[in-house]
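So this first bit is one chain, no partners, the form predicted on its own, shown in structure tokens.
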């Protein structure tokens, strides 16, 4: 299949243009009104753009090929279906679904394209590969990562959508699954004489406390575990009160750390009556060396902690990379990405999986406690990157 665009003053005009050149075998992917922006918007009028998909080998086929699908559907009887008709009907449904998905992909990807952008500026000769490249870029995937992902289909002349998407999908999965954390202590059903220490780090406003509430609620309500809380976040207004509210609902105990010397004392109060102790640390700027030194001292007081760095996926890749690099200097940790339901550039997660050696443990997809948290799934992220809704 190939993709071609037509521009005109009215919908009727662009449809007639496509029909005249491509015939009735072409598939209209989208028709939309384009309003010029910038300084040229004063002198340029809005126009209609039609994007069509067609098979160059079948573009001159008569209309009867189109009625083939209708004939199949008309002959299918609910009482007498043979295997061949079932297979053809399923093929039709998959094709129709693919067209709808492709239209969605196209509309999102084309938002970032300029009117003056010509075919000679394309990175890939294969139009489908170029289309996927632009879509991934629009979702925040770095160019270098895109190049690696598309390398297997870079020289591919085949225009088969399913084949190319499958190759790209598998490559994305390969990168993401290497970053998936599969040996989380918090997921293991192990009986301990003392509580396991779980520490949450991160900058201000990333959702540490809400994430703690989600994970602890699941452990207490669904896995019959006991969780105690310690917070050192005495800098943020109402932070301690927020955690106390969650703890009261869950029937748990909260201890507050005001100085480094308090840490071991608070751990000793909770470690024999709980399965886990969750530490809610203060949100600190990774650029402030004094703040980072305080975090380092806190971690030195905690025995064998399992550490999670909580990161908002709404941040840009460069900032996230800097945060990870800063915390990596003094601790090992798994990553929790929050707010992925609030970002249009989920490709940042793929960039991090590609660039760093840190494992990704969880993602949060909303504010509901405890529902909106999931174990990291490379398959789900890959589907979002290729156009599906995150579900």
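Positions refer to the first chain, counted from 1. Values in this document were obtained by computation on a predicted structure and should not be read as measured data.
There is another form of the same protein, the form predicted in complex with a small molecule; it is not shown, and what comes next is about it.
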One stretch from 198-206, 216-224, 130-138, 167-175 that, in the model of the complex, holds residues within 4.5 Å of the small molecule by heavy atom: 198-206
4.5 Å heavy atom contact, residue 283 to the small molecule in the model of the complex: yes
Residue 359 within 4.5 Å of the small molecule in the model of the complex, heavy atoms: no
Partner proximity in the model of the complex: residue 13 to the small molecule, non-hydrogen atom cutoff 4.5 Å: no
Residue 367, heavy atom within 4.5 angstroms of the small molecule in the model of the complex: yes
Full three-residue contact with the small molecule in the model of the complex, heavy atom 4.5 Å, for 318, 325 and 351: no
Candidate from 126, 242, 253, 291 lying within 4.5 Å of the small molecule in the model of the complex - any heavy atom: 242
The single option of 306, 275, 301, 233 touching the small molecule in the model of the complex, heavy atom within 4.5 Å: 233
